[in-house]
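First structure 1, then structure 2: two forms of the same chain, each alone, as structure tokens.
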Structure 1
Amino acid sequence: MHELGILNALVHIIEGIVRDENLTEVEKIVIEVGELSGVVPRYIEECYPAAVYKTFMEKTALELIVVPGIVKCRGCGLVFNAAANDLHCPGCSGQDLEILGGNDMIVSEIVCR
């Protein structure tokens, strides 16, 4: 259950926002998970109820958006989707890649009052 630790960090971040913005209720959170973040979206969904159990987020819905992992080949400069190409450059089949995006997990927005 490695994703549980990440979700605890997430709950703390939302907690901070609720405090800073004086919110009374968080109806939904929208989270972006990069394909190259090392975080497995399905596990996040499975662990979520356990992570928010008995917290102020118990009734908060979770919406996950998977962000494609975009890389640039250091060999030929081609920019492509890493997962779709199995981490191989479709131009030169090189595997020395620079990550351009999709390696983070971000709290995108929260629906609240």
Structure 2
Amino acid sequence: MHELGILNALVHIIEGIVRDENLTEVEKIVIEVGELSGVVPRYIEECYPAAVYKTFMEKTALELIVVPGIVKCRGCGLVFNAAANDLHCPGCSGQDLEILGGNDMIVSEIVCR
């Protein structure tokens, strides 16, 4: 489970931003997790309390947005959600896929007081 390590690094990065910008408390962070990112959203939610425990972000809310893994089949050109189709093209059953979106994890918002 690498999600705890990702969150620990994220807390450290946000701490630096808050310090550098002379901000106060962080109310909420919004994280977008792509279905094809290799990061498990449920694990992010489960690990979050441990990652922020006894840090300046202990009372910070987490909002998690799951971004669909959209791909294009190189065989027939069909664009579809890869996770919903078990990484097989519903048009031709091909697996030669070009990722169009949903393969990353992004902190899209940091809400401070």
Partner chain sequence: MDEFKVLQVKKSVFADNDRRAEALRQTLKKHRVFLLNLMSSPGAGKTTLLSRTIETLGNQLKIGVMEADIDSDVDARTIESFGAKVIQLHTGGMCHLDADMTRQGLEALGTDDLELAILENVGNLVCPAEFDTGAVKNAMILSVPEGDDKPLKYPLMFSVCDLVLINLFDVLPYFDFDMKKCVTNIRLRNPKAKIIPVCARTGEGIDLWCDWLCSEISAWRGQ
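Just so we're on the same page, rigid core means the largest C-alpha set that superposes within 1.5 Å between forms. All values reported here derive from a predicted model rather than from experimental measurement. All residue numbers here refer to structure 1's sequence, counted from 1.
Between 1 and 2, where do we have the form predicted in complex with its partner chain?
-> That would be structure 1.
Using a superposition on the rigid core, decide whether the Cα position of D104 changes by 2 angstroms or more between the two structures.
-> It does not, since the D104 C-alpha is displaced less than 2 Å between the two structures after the core fit.
So, with the core fitted, how far does E21 move at its Cα between the two structures, in angstrom?
-> E21 is displaced by 2.8 Å at its C-alpha.
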